[in-house]
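Presented below, as structure tokens, is a lone chain in the form predicted alone.
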Amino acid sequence: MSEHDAGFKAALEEAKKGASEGGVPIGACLVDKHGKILGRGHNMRVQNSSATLHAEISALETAGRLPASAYEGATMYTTLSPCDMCTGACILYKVSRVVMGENNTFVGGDAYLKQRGVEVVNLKNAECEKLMRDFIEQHPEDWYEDIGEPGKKH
């Protein structure tokens, strides 16, 4: 698993797309065990006034309704450590591996994923971290709302 994987490149493209739309710059891409991209998306909570449209959920949504067998051996690429909701979705659909861009700006369900048998890979990607640090600095209210921390400003 590396920054050169098509799934990671797609997730990073999605994060940049989200940033260009004024949203939280997190992207995700779901890839099956054969390397086929099933779905990709980015956090759209700000753009769509959505309560739940995080990047991983967006990628699952664009993949559409699939049989359980489609997720066997699948990898969820995401530019940031997945939150509890997105961690739960990965576990629910039995995604085998989560490859994240970084977890310095936010640590989500990494430990729980591992506990549930999901392989977790952290690429420690500087570009992903910069996207998040810049967003958190410029839009702390949107960030803390996104991770369920009401009242926090920065």
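Remember, predicted model here, so these are calculated numbers, not experimental data. All residue numbers are counted from 1 along the displayed sequence.
The protein also exists as the form predicted in complex with a further copy of the same chain; that form is not presented, and the subsequent description refers to it.
Only one listed stretch (34-42, 111-119, 97-105, 124-132) carries heavy atoms within 4.5 Å of a further copy of the same chain in the model of the complex, and that stretch is 111-119.
Against a further copy of the same chain in the model of the complex, the set Ala51, Ile91 and Glu145 is in full contact: each member has a heavy atom within 4.5 Å. When a further copy of the same chain is considered in the model of the complex, Ala74 lies well away from it, no heavy atom lying within 4.5 Å. Residue contact with a further copy of the same chain in the model of the complex: Ala70 places no heavy atom within 4.5 Å of it. Heavy atoms closer than or equal to 4.5 Å to a further copy of the same chain in the model of the complex belong, across 54-68, to the residues His54, Ile57, Leu60, Glu61, Gly64, Arg65, Leu66, Pro67, Ala68, ordered by sequence position.
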